[in-house]
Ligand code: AGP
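What follows is one chain in structure tokens, specifically the form predicted alone.
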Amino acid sequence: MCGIVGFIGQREIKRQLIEGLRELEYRGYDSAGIAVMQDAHIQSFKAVGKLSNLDEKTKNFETSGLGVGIGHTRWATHGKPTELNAHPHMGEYSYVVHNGIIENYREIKTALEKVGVNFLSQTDTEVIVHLFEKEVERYKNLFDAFKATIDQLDGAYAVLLVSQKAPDTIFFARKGSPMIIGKNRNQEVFFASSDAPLIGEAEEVAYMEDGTIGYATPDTIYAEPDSLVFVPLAGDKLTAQKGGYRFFMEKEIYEQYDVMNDTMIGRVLDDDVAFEELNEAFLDGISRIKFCACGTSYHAALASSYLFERQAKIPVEVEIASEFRYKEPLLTDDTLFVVISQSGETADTLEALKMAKNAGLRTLAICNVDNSSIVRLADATILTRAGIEKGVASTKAFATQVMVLWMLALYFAKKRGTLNATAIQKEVEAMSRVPSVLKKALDVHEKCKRLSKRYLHGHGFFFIGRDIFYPLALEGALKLKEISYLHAEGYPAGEMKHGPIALADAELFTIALMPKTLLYDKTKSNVEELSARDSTILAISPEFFDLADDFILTHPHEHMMLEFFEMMVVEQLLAMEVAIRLGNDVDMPRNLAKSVTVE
């Protein structure tokens, strides 16, 4: 959540900051701001809403020559999205930007107010800059004052601070919230919350570890307690652009069949699956699995639990990370602890991983971002290879997570001897067809667009399915909620009669996942129960259902996972088209951010 950029160099600073923030706008877009310093003179600009508002506000401001700058896009945690609450926050001669949450800010604020400090905002961030300026009164060296400031902060943070007393310097600190520093041969220094703003700018980057604190000037980058390790930055700026699509979400739905090939390459073989990331002894002594994740990643984990128990015959528990952290879980050393995160920075999931590590469990991360915090902490990692996903509502990240977990279930089954060679061959053949299924699924896009106009009202949606299609129903409901702001719930189809069916009437829309490969007749019976109560039915199935008010015909398949992936695309397209018809920005839905780095 929230996005940070920083820059030291000779180029036009405002443009560098705003273009960097544009790459991070998906992380926070309640407000945005920049502070630019040249010759010990600071100018700051803030605007509420989208980054274009800040762009307009700074259109007559330009710089030339050496200077430093910091910028921020905000996703509100403390205080409403107003200009006063936007970053950067200022003291008498310093400015700060911050991601994360300062948990003890109230105590710090009270202490500072007692000595005469006046606060302008409602944010936790503002205490940092005022505390720093108080510490400057105690320390002659500004870096010592900055360290003393950071030492007093509890919580999670990525901090950039500039001061007129050090006009060529950016001070930085990182704990529990991602921050990357980059450099190039032109002695330019860059800071960002993720790789995206640095692609095409920095030649080398360092991924800061928790506890890193330091400062950068045009000539020096200093960090402690450990020196920064710079590595070449790979990436293509074009992969982060819309490429002619209306929204990043649309682009990411359409490129799922391409990235799925990347996910499988070198892993799905002719008659086997392989993971070079896992050594032969990695599963020794493992007799159960505990998955831990949030949101869409939780749905991927839940879907895979059916596969692991069915194919690998291994007990599986699936935990919501924000609950796991506080439930005093029983952890045994025969458990493989698997965390799933698109960004690798999800705060609740990261903390759950730390708990598992401290308990001595073997840990595995399923993640899309190399060098992220979760990747660095886990014993082993399988990257999903989905590429940059900028739409807040996850699509291709979910698809690749499910595929990796399906492959992993088959890998477990082979190691445990619970599937014979013929069964493994059948699964591998089905896996190899997934990319083409994802491409064919796009054929229904126009149908989803036409149907969307019928689903703009009513008092809610039920997404229903059975077995592995229940987690897919949860994911479909989440997609619709995230971007359309319409109320939607996912349910096991068989649970309708145990309470939820009380809501059924003509204004309740039921999206029924009705695969032919799995429990079709049972699901059909549950849908008939809803139809009898006058619920409006949209059936998604390869077989026509005469009680459906609307129908999206999918292709017939022999394997349930092929039906799963096709229906996944249908859900994504339908949610997107409903949201577009309602006039919403599907890439940046209200109140949400891409990388959830706070509790």
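Since we're looking at a predicted model, the values are computed, not measured. Numbering starts at 1 and follows the sequence shown.
This protein has a second form, the form predicted in complex with 2-deoxy-2-amino glucitol-6-phosphate, left out of what is shown; the following refers to that one.
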Handout entry: Glu482: touches 2-deoxy-2-amino glucitol-6-phosphate in the model of the complex, heavy atom cutoff 4.5 angstroms
Key = yes
Exercise for the section: Considering only heavy atoms, tell me if Ala393 and 2-deoxy-2-amino glucitol-6-phosphate come within 4.5 Å of each other in the model of the complex. Expected result: yes
Exercise for the section: Using a 4.5 Å heavy atom cut-off, state whether Asn99 contacts 2-deoxy-2-amino glucitol-6-phosphate in the model of the complex. Expected result: no
Exercise for the section: Classify Thr296 as contacting or not contacting 2-deoxy-2-amino glucitol-6-phosphate in the model of the complex by the rule of any non-hydrogen atom within 4.5 angstroms, answering yes or no. Expected result: yes
Practice task
Heavy atom within 4.5 Å of 2-deoxy-2-amino glucitol-6-phosphate in the model of the complex: which of Thr149, Ser343, Thr400, Thr125 fits that? Just give me the one.
Solution key: Ser343
Practice task
Would you kindly say which of Leu478, Ile320, Ala202, Val117 lies with a heavy atom within 4.5 Å of 2-deoxy-2-amino glucitol-6-phosphate in the model of the complex?
Solution key: Leu478
Exercise for the section: Pick the stretch from 485-493, 435-443, 465-473, 334-342 whose residues have a heavy atom within 4.5 Å of 2-deoxy-2-amino glucitol-6-phosphate in the model of the complex. Expected result: 334-342
